[in-house]
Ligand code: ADP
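Here we start with a single chain on its own, the form predicted on its own, put down as structure tokens.
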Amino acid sequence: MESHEFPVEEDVTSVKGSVSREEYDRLQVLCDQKDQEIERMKTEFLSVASHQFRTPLTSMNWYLEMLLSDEGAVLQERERGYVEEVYATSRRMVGLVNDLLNVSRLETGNLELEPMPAQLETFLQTLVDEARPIADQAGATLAYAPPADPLPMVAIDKGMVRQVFSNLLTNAIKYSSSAGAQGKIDVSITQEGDEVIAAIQDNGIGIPEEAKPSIFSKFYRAENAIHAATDGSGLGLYIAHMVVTELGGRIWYESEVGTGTTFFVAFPCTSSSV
């Protein structure tokens, strides 16, 4: 039987002319299977590593909270500043670990979303109120325009959708406040057809044209976002896209560099409320 040997580093397309169509298709299938296996292994590694990090980080946060509480040690002003900085960094690491765990669970199908009927405008009001202290600290204004009349119900997993909107609100605050002028974030929600659509608009740095095709990709951050804020994992929008899509909704944006960005999240109305 005639055999062919190919350098490992060669791309399958580079041997297309030297093998039969049947051999080429078989090689393509093998490469696709290998890519899928590599992705599976990476996802499993992220899950295991995240679990291993989570326990010591939780313990560290608990001790830091004790130090900063009134019941903890009496810290000098300089010492307290150091501990607060460590605590803030530790909390960011916990957030990253939680994001990695959610990604691995979503990609492997181990995170089952549990959609339940909800009044999205009421839920969004709560999240805006929770984000307001962050906006105040950043010197940004955060306004919410609720609808005049109740909107139809939508089916959402409140835990994961909370993460979606919290990420969008935090990003809006972060990237509008770093744009030079005072940050301004406007949140609104409307019904259009058989969808309830929430919009989060900021006057921030905007998304460059070259970054737009990758904005929902895993671990991706636009160059101007990295310069504006060094912290960030590039997982927030990836998770948001996966969650919203899994719930049968849509997420998209409109953006212009130097002017700002508006993210839209749409969920279908439940059949009982249309």
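Since we're looking at a predicted model, the values are computed, not measured. In case it trips you up, residue 1 is the first one in the sequence shown, and so on.
The protein also exists as the form predicted together with adenosine-5'-diphosphate (ADP); that form is not presented, and the subsequent description refers to it.
Interface residue among Ala140, Ile156, Ala198, Ala172 relative to adenosine-5'-diphosphate (ADP) in the predicted bound form, by the heavy atom within 4.5 Å criterion: Ala172. Of the candidates Val244, Leu67, Leu57, Leu237, Leu237 is the one whose heavy atoms come within 4.5 Å of adenosine-5'-diphosphate (ADP) in the predicted bound form; the others do not. adenosine-5'-diphosphate (ADP) is not shown here, and in the predicted bound form it never comes within 4.5 Å of any heavy atom of Gly249.
In the predicted bound form, none of the heavy atoms of Gln191 sits within 4.5 Å of a heavy atom of adenosine-5'-diphosphate (ADP). In the predicted bound form, adenosine-5'-diphosphate (ADP) lies farther than 4.5 Å from every heavy atom of Gln163. Under a 4.5 angstroms non-hydrogen atom cutoff, adenosine-5'-diphosphate (ADP) in the predicted bound form lacks Tyr63 among its neighbouring residues. Only one segment in the set 142-150, 164-172, 129-137, 82-90 has any non-hydrogen atom within 4.5 angstroms of adenosine-5'-diphosphate (ADP) in the predicted bound form, and it is 164-172.
For the partner-free chain shown, Asp202, Ile205, Gly206, Ile207, Ile215, Tyr220, Arg221, Ala222, Ala225, Gly232, Ser233 of 194-233 come within 4.5 angstroms of adenosine-5'-diphosphate (ADP) in the predicted bound form, judged by any non-hydrogen atom.
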